[in-house]
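Presented below, as structure tokens, is a lone chain in the form predicted on its own.
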């Protein structure tokens, strides 16, 4: 009888110990994880974050709950500080722009080399191939866990003054650019007056006429209704594209079980594919219906001939050569070869 009581007590203690350990493990998970985004869910970029958060909750049975912080609100709206904040743990997760993170990770400037990627097949050749893997390894060394690629899209030029068909048409135009030295070099080479400012500050500047123009993907142009802030002239030049990266802070990543890590990774890959499809909607279909909608809002859309585009390419070649050396000639050579070998 005493033996049975002892065994029962021992079993009960073991059960309590197991429960205690389980509770301790559960407490290692935060009740909520903070995901940083530059824009909200009205934009394909923000939608990608929302899809990822939803899929993570579903795949982890609610163990990992994510709250979105659009407008990079965790870092007072300064998108250039996002990568550093992610490394430091101020931010747990992000769907971030390769442009915004390029000051901290110079190799990400690859995608901002003027006129490197002529079409969507070229972007895919980089992100889905060896170049993409190499950049993920670089990001991992820089202190974050990259999981999947998304896309902000090709950045087209708009302004309030006149149609732009040649570098000469850009002379003196005050153009809002992101906080990247490569963008400043590119627009300076084209004769424009590049002005760095946050997106929050940019829209009132367009409305008041303090700034003439900007360059952004069409998803940003339409969702932000830039035709309402004097952006009446749009030039389709496809000079750079802006892939996005789905990433997690390393300490947060290491706090999860291997099964949950894999669930978060799969959720990111699925969300990335869906987000890219949303970002390209209206642009890859025959006739590019998105531009018809933009023209219906009173915007003059200029499509460059191959010869007109080549004039912009020539004007920016010195910038390309300078930055190829800074990014790493081997990486740029690998990218150029991957694009040359791409399948349409």
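Residue numbers count along the first chain shown, from 1. In this text, all values refer to a predicted model and were calculated from it rather than measured experimentally.
One more form of this protein exists, namely the form predicted in complex with a small molecule; it is left out here, but the text below deals with it.
K.L.:
Based on heavy atom distances of 4.5 Å or less, which listed stretch (230-238, 133-141, 172-180, 113-121) is in contact with the small molecule in the predicted complex?
P.N.:
Partner-contacting stretch among the options: 172-180.
K.L.:
Indicate whether the small molecule has at least one heavy atom within 4.5 Å of a heavy atom of residue 253 in the predicted complex.
P.N.:
So residue 253 does not count as contacting the small molecule.
K.L.:
Residue-level question: is residue 155 within 4.5 Å of the small molecule in the predicted complex, judged on heavy atoms?
P.N.:
Residue 155: yes, in contact with the small molecule in the predicted complex.
K.L.:
Contact between residue 160 and the small molecule in the predicted complex at 4.5 Å, heavy atoms?
P.N.:
Contact check for residue 160: no, nothing within 4.5 Å of the small molecule in the predicted complex.
K.L.:
Residue 220 near the small molecule in the predicted complex, any heavy atom under 4.5 Å?
P.N.:
Flag for residue 220 set to yes.
K.L.:
Which of these residues, 249, 107, 216, 195, gets a heavy atom within 4.5 Å of the small molecule in the predicted complex?
P.N.:
Only one option qualifies, and that one is 216.
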